[in-house]
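Shown next as structure tokens: one chain only, the form predicted alone.
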């Protein structure tokens, strides 16, 4: 293994990691917003919109992110809507992740029993207060493990951004391999940088999940 070559490639991989993190976290933030809206619409049984959003969830959960990115990147310009690769990556990841986040949030909301809602209403709380103080805290604790798993999943899905010519980690690795044939060195760096991105999320998520679990048990 050529260590000197790996040291030379570090700045390129670092720059690619920054781009991957930027677009990845923008997409994840968008997916959280989309997922929460979809889950609330489904929870409150909003007519028509609920069915439309269910179709969205089924389509985006059951098709690969790569295909979705192709539709956005190559399809929208044909409709007269120009879109850059970075915007396409963020939007595609948000829409793809939103379908997973929606199911995660929905399962948390549905897990809170109706008895608790009715008891809170009988104590004089408004429906908004019941949602804020009774339902959402419990739903958040219940869906947090799947929420973290979705974030990790979406961070790993950023590896397909290279297909739309984004200079992410995967694109950089493939480009350097094609230029210098340092396959092992580039793949090792690729693994290391993805671990740098994902391991902190996994560790922090585990700590928070443990605290939420013990906090709920203590309550």
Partner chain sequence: MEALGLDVLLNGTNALRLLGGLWVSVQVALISVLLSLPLGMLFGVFMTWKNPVAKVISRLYLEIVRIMPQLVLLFVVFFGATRVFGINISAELASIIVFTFWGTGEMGDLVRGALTSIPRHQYESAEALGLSKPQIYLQVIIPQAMRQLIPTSVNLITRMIKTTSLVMMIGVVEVMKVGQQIIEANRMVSPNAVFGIYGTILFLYFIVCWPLSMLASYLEKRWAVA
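Residue numbers count along the first chain shown, from 1. Predicted model only: the values in this text are computed from it and were never measured.
Here the subject shifts to the form predicted in complex with the partner chain, a form of this protein not shown in this document.
- Looking at the partner chain in the predicted complex, residues 71, 159 and 181 each place a heavy atom within 4.5 Å of it.
- The listed set 10, 207, 199, 18 contains one residue whose heavy atoms approach the partner chain in the predicted complex to within 4.5 Å, identified as 199.
- Here is the short version: of 163, 53, 26, 167, the single residue with a heavy atom within 4.5 Å of the partner chain in the predicted complex is 163.
- Heavy atoms of residue 79 reach within 4.5 Å of the partner chain in the predicted complex, making it an interface residue.
- By the criterion of a heavy atom within 4.5 Å, residue 191 is counted among the residues contacting the partner chain in the predicted complex.
- Although the partner is absent from this view, residue 187 contacts the partner chain in the predicted complex, with a non-hydrogen atom inside 4.5 angstroms.
- The partner chain in the predicted complex is not approached by residue 84, whose heavy atoms all lie more than 4.5 angstroms from it.
- Residues from 44-78 that approach the partner chain in the predicted complex with a non-hydrogen atom closer than or equal to 4.5 Å are 58, 59, 61, 62, 63, 64, 66, 67, 68, 70, 71, 74, 75, 78, in the order they occur in the chain.
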